[in-house]
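One chain follows as structure tokens, the form predicted on its own.
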């Protein structure tokens, strides 16, 4: 099988140090966690920006500070910035990071409930806005899909020439209010995308490792990290993102695949060398 890409979502916008002290906030902490994840095999670092007190932000200057710190410590690792930001942020606020020299970014493909009164809004106009911005900037997008309707929206925009091929999907499953992370859900989404597309799976909470195994076995790729799951196993907090990356790396090897290098990742995803 083809090499398996590991993406590590090192910090997120919502998880806190109160939940797990390893969640990084500062530039120094973020760079260290990115480096440790890269050392274990992550070729993509999925990045949200936070201020030193943990407050989420899409501020350009803060993103640049974090990106520079990661590049200085990690060299050629791929930094995938989030345009999702945090709940309640405007389209313009979320997209300002694209004004930086960005190689890869997430493109959320639909609205999803996040439990209670929280909901993450991505209208068709939002999706089109971000796709056009990324096309203009030469940014490789990862199409984040929380359920089947999001996949259908991405495919429709692809037919309209707004979302360009080759398409790389990320199935984010197990979010409260979104699609669950059972095997049937994964298979449904996997079988809904074109055969020339690539896909990765991000399982939230208890779904992280079961979905990682399924994706590995079906030729896909994997995202892990403290943004999605704070535990190495039930009742045992991960001491770092590296614990989660190391666990999925062993799953990849046990299933007869290799871990993709940064160079292989760019080739697999059709990115610029």
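Every value quoted in this text rests on a predicted model; they were computed, and no experiment measured them. Positions refer to the first chain, counted from 1.
Keep in mind that the form predicted in complex with (5S)-5-amino-3-OXO-hexanoic acid is not shown, yet the notes after this line are about it.
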property: In the predicted bound form, residue 129 touching (5S)-5-amino-3-OXO-hexanoic acid (heavy atom, 4.5 Å); result: no
property: Partner contact for residue 22 in the predicted bound form: (5S)-5-amino-3-OXO-hexanoic acid, 4.5 angstroms, heavy atom; result: no
property: Residue 95: touches (5S)-5-amino-3-OXO-hexanoic acid in the predicted bound form, heavy atom cutoff 4.5 angstroms; result: no
property: In the predicted bound form, residue 170 touching (5S)-5-amino-3-OXO-hexanoic acid (heavy atom, 4.5 Å); result: no
property: Within 4.5 Å of (5S)-5-amino-3-OXO-hexanoic acid in the predicted bound form, all of 219, 221 and 260 (non-hydrogen atom); result: no
property: Heavy atom contact within 4.5 Å of (5S)-5-amino-3-OXO-hexanoic acid in the predicted bound form, the stretch among 183-191, 105-113, 161-169, 199-207; result: 105-113
property: Contacts with (5S)-5-amino-3-OXO-hexanoic acid in the predicted bound form - residues in 83-108 whose heavy atoms fall within 4.5 Å; result: 83, 84, 85, 86, 87, 106, 108
